[in-house]
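One chain comes next, on its own, written as structure tokens: the form predicted alone.
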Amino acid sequence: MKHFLKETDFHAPELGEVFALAREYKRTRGQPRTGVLAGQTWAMIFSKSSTRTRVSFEVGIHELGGHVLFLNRNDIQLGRGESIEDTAKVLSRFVHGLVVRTYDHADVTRLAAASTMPVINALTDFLHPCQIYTDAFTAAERWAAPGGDLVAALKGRKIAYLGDTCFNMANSWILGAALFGMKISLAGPKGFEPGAEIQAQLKADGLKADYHFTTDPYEAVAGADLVYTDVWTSMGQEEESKKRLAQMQPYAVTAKLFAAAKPDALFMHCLPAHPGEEVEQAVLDNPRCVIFDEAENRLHMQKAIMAMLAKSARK
């Protein structure tokens, strides 16, 4: 059974098909079509609240012809002591796919290991692969020639990632950059270097990441095609908020810092953004800020991912 738990769950030869399918879904949205999930019910288990992830998946499943069953972790027996494995086995008897947004990445891998349906990682504290595929697609739309190869347009491009450089978005960009043939420079406080877990994942996937960590944000953005940041305090880290604000302040993406990247560099943020903290409002107002294109493209990319998994499940 094929799942999408990390960026590398689609192999390099499949990337072109995933990206091309997302472009086709975007181009033809609203046109009558037979949904690839027609007659299917997909469940969603969310331990973390969300706007973009929940709405884009629910709309995407509907547009692919499927039915959505939203399950809050506390509304099912999983929240009352039923094992992850038993939950996966039971849901596999009822539904055709499962979308999970939670804290511990091990929970998603355990669900997938015990499931006979496709499982999608909609975010864990370790990785956020749907967001990375979406972001890469959003950038490739601008870098590729009209109708050109989207994945090829990513190769050799440089990402600068600033702020919390050892959490899920940074980890996912390190893994995604290695998969897409991109370079990544990460700038954050001392002690926030990419950790052993992401290095072990790269090794397990046979990838050599072209990444560099620095405590100098201007070094990171030099020559960057894409400048990226995320909130400094994620869900589950609220007690560290005051300390993190002080640690991360030098890595805020200001207009001055953004100007130190390439003249045509894009700015991205997976949202929600906190203007005045990790990013200056002037950067969010810059015409090269593509945050709302990213948000929209979550729908098209996730439809492509679900369609690919459904196709694999039928084989």
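This is a predicted model, so every value here is computed, not measured. In case it trips you up, residue 1 is the first one in the sequence shown, and so on.
Omitted from view is the form predicted together with a small molecule, to which the following refers.
Undergrad: Between Thr138, Ser92, Thr109, Ser234, only one gets a heavy atom within 4.5 angstroms of the small molecule in the predicted bound form; which residue is that?
TA: Of Thr138, Ser92, Thr109, Ser234, the residue with a heavy atom within 4.5 Å of the small molecule in the predicted bound form is Ser234.
Undergrad: Looking at Ile159, Ala187, Leu179, Met169 here, can you tell me which has any non-hydrogen atom within 4.5 angstroms of the small molecule in the predicted bound form?
TA: Residue within 4.5 Å of the partner: Met169.
Undergrad: Heavy atoms, 4.5 Å, the small molecule in the predicted bound form: which of 151 to 159, 120 to 128, 171 to 179, 202 to 210 makes the cut? Say which one.
TA: Of the options given, it is 120 to 128.
Undergrad: Using a 4.5 Å heavy atom cut-off, state whether Cys270 contacts the small molecule in the predicted bound form.
TA: Yes - in the predicted bound form, heavy atoms of Cys270 and the small molecule come within 4.5 Å of each other.
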